[in-house]
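As a starting point, one isolated chain is supplied in structure tokens, in the form predicted on its own.
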Amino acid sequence: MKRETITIQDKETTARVQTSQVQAVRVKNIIKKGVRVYQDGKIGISGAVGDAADGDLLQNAVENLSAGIAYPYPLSGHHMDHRSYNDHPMTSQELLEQAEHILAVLGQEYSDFSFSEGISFQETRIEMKNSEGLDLQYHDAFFGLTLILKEKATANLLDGALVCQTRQFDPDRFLSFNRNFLEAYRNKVALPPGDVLPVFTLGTESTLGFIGRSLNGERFAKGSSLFSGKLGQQLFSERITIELNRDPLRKGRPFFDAEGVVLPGDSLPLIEEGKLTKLLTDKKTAQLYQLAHTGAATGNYDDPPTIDGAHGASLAFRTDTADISEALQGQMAIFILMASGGDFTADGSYATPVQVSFLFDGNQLLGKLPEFAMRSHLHEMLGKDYIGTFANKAVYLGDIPTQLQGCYMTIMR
């Protein structure tokens, strides 16, 4: 009988913020343990929250083999990889001091706004070991700030947000950018003329979420994906490469999947130069549908591994263009901060209202725009209307690399 253990430890300190003041501090330290056993092509699983006895978890997992859950796939093994990405985590006292300092500056200089939500520091350790020689360990720690922004003169529940996620917090840099951001917010400007305008989004989560669902190997094989039957075909601009990316420096996530698979170089292209070359698969999906195995398994510590249900969470565009100002050639663009209430349809059409956006010259935010809506189609956004994917140098969000992606969109005023 083969065995596998997963241990997750999360330590978190959170300063709860209301009306620009720290109202409470919460500290939690949670341990989760999971045990998997494998015998005769079956898997038995047991899990617990808290420092449960390993022997009890093992016994429960063995008993759960009787559930008959099939898992006739080879275990990942013979691989040891221990990684730590932050050896100097912030203390609870340091967190509180930083939170109070940031809020004092914002409250004094921007009294026409109120700020609420949370400022936290989280330390995570995830270990995965098995009887086949697998020994993986991921350790990381992040300062996270999300302050919901409300302009006191409006009746809105929220008007935007200040966001930062970083391993080492730089308060001076954070305040320098957000002073400029809030000054731009105060400066109300009109939309540029035209029905089709260049639009930049911070991050690519919405687009990658839809693409991730379409790259799901099971959906692809069953014919329910937008990409079904298109393996090897050109889908998008030749400048576009989308990869399964597990580099913790880029994603802030473990470098292995739920089956203990570590990708060479922590990444694997699925769409290369616009052409569909691979799908998201776990071991089951790869074997069942005769697809290349790409290490895209997910699952909680007490669940059997399955195909990546997070869809776009581990996907990433490769940066393909360097200079936004050069790409715009003097044209003013729109920078989207908040657009909720829209989505992609099954055929790839996209539309959304835009609640908060800014006039953008490629380097900085110049003023806040009125609300509007926009629409396009996936193949146009990443095809003829594609501007590029850029390393984000305009908006400070911390030391985890982020991207700006631009394309031309139809604007509905």
Partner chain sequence: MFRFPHDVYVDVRIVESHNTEIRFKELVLQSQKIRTEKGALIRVFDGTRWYYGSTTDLENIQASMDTLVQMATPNPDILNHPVVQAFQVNQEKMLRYEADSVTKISIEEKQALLEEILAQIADPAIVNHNSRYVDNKTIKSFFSSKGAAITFDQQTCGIRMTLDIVCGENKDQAGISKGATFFSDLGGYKQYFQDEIAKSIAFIRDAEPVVPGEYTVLLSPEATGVFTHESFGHKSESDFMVGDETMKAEWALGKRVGRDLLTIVDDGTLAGNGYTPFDDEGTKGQETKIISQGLLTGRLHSAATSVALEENLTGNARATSFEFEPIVRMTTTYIAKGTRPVQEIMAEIDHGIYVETLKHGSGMSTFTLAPARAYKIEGGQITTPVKISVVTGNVFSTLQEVDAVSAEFELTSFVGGGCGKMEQYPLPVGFGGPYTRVRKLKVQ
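Numbering follows the first chain given and starts at 1. Computed from a predicted model, the values in this text were never measured in an experiment.
One more form of this protein exists, namely the form predicted together with the partner chain; it is left out here, but the text below deals with it.
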Check, residue by residue, if 53, 79 and 177 all come within 4.5 Å of the partner chain in the predicted complex, counting heavy atoms only.
-> no
Just give me the single entry in 219, 139, 278, 246 that has a non-hydrogen atom within 4.5 angstroms of the partner chain in the predicted complex.
-> 219
Answer option from 204, 98, 124, 225, heavy atom within 4.5 Å of the partner chain in the predicted complex | 225
Looking at 384-392, 34-42, 371-379, 357-365, which lies within 4.5 angstroms of the partner chain in the predicted complex, counting heavy atoms?
-> 371-379
Heavy atom to heavy atom, is residue 233 within 4.5 Å of the partner chain in the predicted complex?
-> no
Residue 69: heavy atom within 4.5 Å of the partner chain in the predicted complex?
-> yes
How about residue 412: is it within 4.5 Å of the partner chain in the predicted complex, going by heavy atoms?
-> yes
Hey, in the predicted complex, does residue 25 get a heavy atom within 4.5 angstroms of the partner chain?
-> yes
Heavy atom within 4.5 Å of the partner chain in the predicted complex: which residues of 154-175 qualify?
-> 154, 155, 156, 157, 158
